[in-house]
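A lone chain, given as structure tokens: the form predicted on its own.
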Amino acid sequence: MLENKLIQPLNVSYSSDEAGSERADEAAKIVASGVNVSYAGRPAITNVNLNIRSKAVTALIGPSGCGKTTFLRCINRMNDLIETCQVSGSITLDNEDVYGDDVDVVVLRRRIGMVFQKPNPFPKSIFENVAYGPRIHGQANKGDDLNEIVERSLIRAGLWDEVKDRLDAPATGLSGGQQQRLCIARAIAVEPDVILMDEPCSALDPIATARIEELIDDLKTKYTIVIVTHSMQQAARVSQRTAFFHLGELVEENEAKVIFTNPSDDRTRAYVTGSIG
């Protein structure tokens, strides 16, 4: 039994929810109810119920293969691209059914952007990487409007000062950390409501990771962010809410500090103390 095992606090400063208890009564931005996902009939996640708060960071943690990324990909229907994937249950964005028959998936993915584990800039210039989304969605085609969107997005991503004199240079020439920030700039250029991040720092060095974490902290004032991470220290640093997945089940979700210091479930306690992983 693990009931009497004390949890040693992680040596990090927990990200705080500045609005405190006032936010607890706010309607959730995203509501998942009874979500089940299977691949070729094999269950991946079962009966996931999770409310994701607006303009805050929610971290999904848990061992490899526990369903974190599967759930993340459900939110903007990335799992639609997998032929053998079946999804049931309900996910709503601002009370609208993400899986409704009348939902335009292209529009949905504009509203819910995604940043992947490995930086994936297009084989285009830095400028064209950021301009691509606004162009295809008809938000701007050329001229000052497009220039303004590109500059604003790069500033928000903390990259403008590093690339403003070489916007025509290939994006693939940037460092790994810069490429990931460029991918974030590309995601926010279309003014999404939500940003999904699937282990965005796993391929980065500590300095680049710190830059991305600072950026996440800045972006949460404007965007709802959901991040999958294997680093409990990172989850504690960047998230206001943390959800623990295990064997395809959402075990518990709470304020980050509670999850890491006083979880209610023994499985969570075992994971954050390193007994399972």
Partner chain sequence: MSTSSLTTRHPNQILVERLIRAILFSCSAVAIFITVGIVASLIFEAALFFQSVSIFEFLFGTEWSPQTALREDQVGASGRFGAVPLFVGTGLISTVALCVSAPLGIFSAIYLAEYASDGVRSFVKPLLEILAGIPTVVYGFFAAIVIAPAISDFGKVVGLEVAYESALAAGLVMGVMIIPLISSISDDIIKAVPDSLREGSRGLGATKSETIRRVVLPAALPGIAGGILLATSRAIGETMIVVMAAGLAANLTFNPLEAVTTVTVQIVVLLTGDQEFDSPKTLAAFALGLALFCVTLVLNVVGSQIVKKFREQYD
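The structure presented is a predicted model; accordingly, all values stated were derived computationally and were not measured. Residue numbers count along the first chain shown, from 1.
The next section is about a form of this same protein that is not shown, the form predicted together with the partner chain.
A.B. asks: Should residue 152 be classed as touching the partner chain in the model of the complex when contacts are defined as heavy atoms within 4.5 Å?
C.D. replies: Taking the distances in the model of the complex, the answer for residue 152 is no, it never comes within 4.5 Å of the partner chain.
A.B. asks: Report yes if any heavy atom of residue 197 sits within 4.5 Å of a heavy atom of the partner chain in the model of the complex; otherwise report no.
C.D. replies: Result no; residue 197 lies far from the partner chain in the model of the complex.
A.B. asks: I'd like to know if residue 156 sits close to the partner chain in the model of the complex, meaning any non-hydrogen atom pair within 4.5 angstroms.
C.D. replies: Output for residue 156 is no: heavy atoms all beyond 4.5 Å of the partner chain.
A.B. asks: Please determine whether residue 106 contacts the partner chain in the model of the complex, using a 4.5 Å cut-off between heavy atoms.
C.D. replies: It does: once the partner chain is placed as it appears in the model of the complex, residue 106 has a heavy atom within 4.5 Å of it.
A.B. asks: If the cut-off is 4.5 angstroms on heavy atoms, which of these, 87, 78, 174, 163, is the one near the partner chain in the model of the complex?
C.D. replies: Result of the distance check: 78.
A.B. asks: Which residue, 146, 114, 167, 72, is the contact with the partner chain in the model of the complex, using a 4.5 Å heavy atom cutoff?
C.D. replies: Spelling it out, the residue with a heavy atom inside the cut-off is 114.
A.B. asks: For the stretch 122-138, I need every residue with any heavy atom inside 4.5 Å of the partner chain in the model of the complex, listed N to C.
C.D. replies: 122, 123, 124, 132, 135, 136, 137 sit within 4.5 Å of the partner.
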